[in-house]
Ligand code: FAD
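Here's a solo chain for you in structure tokens, the form predicted alone.
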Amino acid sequence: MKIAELLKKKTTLSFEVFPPKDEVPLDGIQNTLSHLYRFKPDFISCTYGAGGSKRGRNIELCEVVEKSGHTVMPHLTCVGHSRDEMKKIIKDYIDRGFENVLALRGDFPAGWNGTNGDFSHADELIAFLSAEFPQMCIAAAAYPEKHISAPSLETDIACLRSKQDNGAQFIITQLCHDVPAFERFLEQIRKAGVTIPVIAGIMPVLSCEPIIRMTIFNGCSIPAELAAIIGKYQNDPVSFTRAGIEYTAVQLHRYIAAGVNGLHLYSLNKWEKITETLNAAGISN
């Protein structure tokens, strides 16, 4: 099922998962997926590492999702790929029944200063995919508080408009804990002519150190409400997780009220806490 078609009919719920290391069996992630499936997700996205690491395992994982009868969306980055390699990758995806792809620039491996491939930016990759494989449904990433390397939010929004104009059919955002900032972002991109659906990427607040690390790494702000949880429970992991789940459950409703077209939870392959969070938000499995 093409995700862009689903977005015309409903507000979607989806999850991101990642493949295990090469030496680790898929049993663990298959168990995680079996629990996430209980929420009837509209699709599952599958990521992989910088520079294409674990891309083979990514395909394995995507096949597991596809064969279960659920819609899958593999990630695809510019890093290290030529045009010919991209053609082979997408042809392989099509042969496996994959209809959706999230086109990204991707993170550079250590020591790299660029993509070392034929595509330098995501909009170039999107244009190529759209022209060569019009049957694929292409998603683009967006950054509500701007990409950390962008000189300004306005510049970043112009890049997002270019992704749309080159063929992206919907957007999934990077994490953003500041809902008012997200609402301003939505208003600004609509004024800039970005009309395609926007799915909010949600990073559940489950552990103190990882949430601080990931938030800072992505150049995102920490709102006062979240800062209070960090300050109060930073040395009490159990209480932090409990407060974080309650905070995330409220955030889900705030994003729905903001008018997003879908909720996309970065599951971190932790089905137990994702289940608790969704149940706390009144989304039962």
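Just count from 1 along the sequence shown to find any residue number. Computed from a predicted structure; not experimentally measured.
Although not depicted, the form predicted together with this ligand is the subject of the following passage.
Partner contact region in the model of the complex: 118-126, out of 118-126, 203-211, 91-99, 177-185, criterion any non-hydrogen atom within 4.5 Å of this ligand.
Checked against this ligand in the model of the complex, the candidates Ile196, Cys137, Leu104, Ile189 yield a single residue with a heavy atom inside 4.5 Å, and that residue is Leu104.
In the model of the complex, at least one heavy atom of Tyr48 sits within 4.5 Å of this ligand. In the model of the complex, this ligand sits beyond 4.5 Å of every heavy atom of Glu276. This ligand is not drawn, but in the model of the complex it has a heavy atom within 4.5 Å of Ser149. Using a 4.5 Å cutoff between non-hydrogen atoms, Met86 does not count as a contact of this ligand in the model of the complex. Of the residues in 76-90, only Thr77 comes within 4.5 Å of this ligand in the model of the complex through at least one heavy atom.
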